[in-house]
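There is one chain below, alone, in structure tokens, taken in the form predicted alone.
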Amino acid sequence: MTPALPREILICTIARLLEGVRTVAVGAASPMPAAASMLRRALDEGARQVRLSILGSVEHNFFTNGSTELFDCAGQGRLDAFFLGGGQIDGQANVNLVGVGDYPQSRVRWPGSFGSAYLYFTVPRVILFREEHTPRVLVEKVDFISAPGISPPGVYRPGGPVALLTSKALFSFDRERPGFTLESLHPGHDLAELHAATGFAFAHTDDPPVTPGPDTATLSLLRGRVLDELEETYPAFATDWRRDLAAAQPVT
């Protein structure tokens, strides 16, 4: 079997972070978190039922009233996991979805915060996911806090960040310290490269482990059932994935 592609390693890493969840929601334009959630559902099938809601999907969405129902579910403590990205993410897990520069005179404007702060406070397992791993994204301090990673003592907050996953590495987040700790480097990347690409300080060992890839059974499940399911919501992403798999096949 063709070795795992970089996107497949990311998807499987997210699926491991979702171990133990019962209900997970995925926002718009998030094909890899969606695929990872589908993989988690498939892996857990028979042992328990993972409920999955993917925004924009007809087949894989148990919400019938859009974002209103999503927010109600989160506020009632019935949503275990969600995903957030951002134009900027800093070392205290603050997320910026507004723009670059001093608000409101931002030099660059992004879509906006929407419900990010609310979900960050209410969902217990928020996974930060951003493929781009550069100093312009992972900054020392965000220009605008759309959703704060931590809260002052005495603030009731059942939700918050547990991890940050990028194209280069996986970090865990310690809310008490607070800050990120490097858990593993993806294949082909090293610690010197990571320091150069990251605008904030993070804890790490001298010899970080390599992010594990999926076993053969998981990879088969991912390239079969999961890829087929994903095509309903993300046809272009599925097509690109199949093309990359075909290109990676050894020439005989």
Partner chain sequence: MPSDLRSMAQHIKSGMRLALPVDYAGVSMAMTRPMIDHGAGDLHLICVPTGGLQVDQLIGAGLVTSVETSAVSLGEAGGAPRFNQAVKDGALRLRDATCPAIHAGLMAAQKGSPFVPMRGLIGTDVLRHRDDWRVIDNPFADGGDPIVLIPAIRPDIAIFHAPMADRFGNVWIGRRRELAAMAYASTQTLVTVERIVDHSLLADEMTAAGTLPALYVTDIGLAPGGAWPYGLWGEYPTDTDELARYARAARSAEGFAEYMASQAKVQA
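None of these values were measured; they are calculated from a predicted model. Residue numbers count along the first chain shown, from 1.
There is also a form predicted together with the partner chain; it is not shown, and the following applies to it.
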- [ ] Determine which one of 131-139, 79-87, 170-178, 104-112 lies within 4.5 Å of the partner chain in the predicted complex, judging by heavy atom distances; exactly one does.
- [x] 104-112
Open item on the list: Within 4.5 Å, heavy atoms only: does residue 196 come near the partner chain in the predicted complex?
Closed with: no
Open item on the list: Even though the partner isn't displayed, in the predicted complex is residue 117 close enough to the partner chain, meaning a heavy atom within 4.5 Å?
Closed with: yes
- [ ] Could you confirm whether residue 216 comes within 4.5 Å of the partner chain in the predicted complex, counting heavy atoms only?
- [x] no
Task: Residue contact check: residue 159 to the partner chain in the predicted complex, 4.5 Å heavy atom - done: no
TODO: Name the single residue among 66, 187, 209, 224 that comes within 4.5 Å of the partner chain in the predicted complex, judging by heavy atoms.
DONE: 66
Open item on the list: Since the partner isn't included here, can you check whether the partner chain sits close to all of 61, 148 and 154 in the predicted complex (heavy atom within 4.5 Å for each)?
Closed with: yes
